[in-house]
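One chain is shown next in structure tokens, namely the form predicted on its own.
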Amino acid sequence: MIPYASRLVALLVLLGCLFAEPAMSERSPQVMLSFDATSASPRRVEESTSRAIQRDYAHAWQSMTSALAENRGDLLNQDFTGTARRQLRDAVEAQKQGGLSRRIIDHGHRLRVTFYSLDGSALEADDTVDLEIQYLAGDKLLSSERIPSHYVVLLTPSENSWKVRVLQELPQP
């Protein structure tokens, strides 16, 4: 018979393993998103659409971050389409050929909807984002920079989600 204290220690170790924080590579990157749809025109953005856009846009950034970190263009398929998917896949392939990768640490987004088409087929937004980008060769950190960035985003609805069709970074003033 195992003494009570030994059983308690074994139970605590087991619980620690079950509820331990996963390693950084196993976690999805977090996307902090503030959302403003008050200036959308010519149509108002409905509450359910706002929630879906916030969910899907945050997931798209998580997919992009993972794709660039793991050099896996297939991770972009669910959240990106058109020009955005082609450009990001090309970026993944270029860094993969060079033996490089990028780790993006997302410090938050301010997404402001500027246009929502009357038929609901397109939504344009401005995204001001605070990113830290780390460039790596294997596990070796080559450089790191924290930069505020500004993007114009075009989202289009698909079967049951919104996909990023255009993600165009604008030059800093």
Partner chain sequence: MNLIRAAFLFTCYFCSTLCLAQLHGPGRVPAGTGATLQAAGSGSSILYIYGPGGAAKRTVQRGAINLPGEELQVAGRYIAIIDGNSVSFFVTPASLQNISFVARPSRVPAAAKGAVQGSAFLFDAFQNLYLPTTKVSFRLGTQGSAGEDRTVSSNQGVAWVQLDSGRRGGPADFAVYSEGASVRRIVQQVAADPCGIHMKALPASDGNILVETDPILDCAGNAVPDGTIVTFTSIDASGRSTVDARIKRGFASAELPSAPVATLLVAAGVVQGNEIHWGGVR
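Positions refer to the first chain, counted from 1. Everything numeric in this text was worked out from a predicted model, so none of it was measured.
There is another form of this protein, the form predicted together with the partner chain, and it is not shown here; the text below is about that form.
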item	value
Joint contact, Ile104, Gly108 and Lys163 to the partner chain in the predicted complex, by non-hydrogen atom at 4.5 Å	no
The partner chain contact in the predicted complex: Asp56, any heavy atom under 4.5 Å	no
Partner proximity in the predicted complex: Leu76 to the partner chain, non-hydrogen atom cutoff 4.5 Å	no
Close approach of Ala52 to the partner chain in the predicted complex, 4.5 Å, heavy atom	no
The partner chain contact at Ser48 in the predicted complex, heavy atom, 4.5 Å	no
Within 97-122, the residues that have a heavy atom no more than 4.5 Å from the partner chain in the predicted complex	Gly98, Leu100, Ser101, Arg102, Thr114, Phe115, Ser117, Leu118, Asp119, Ser121, Ala122
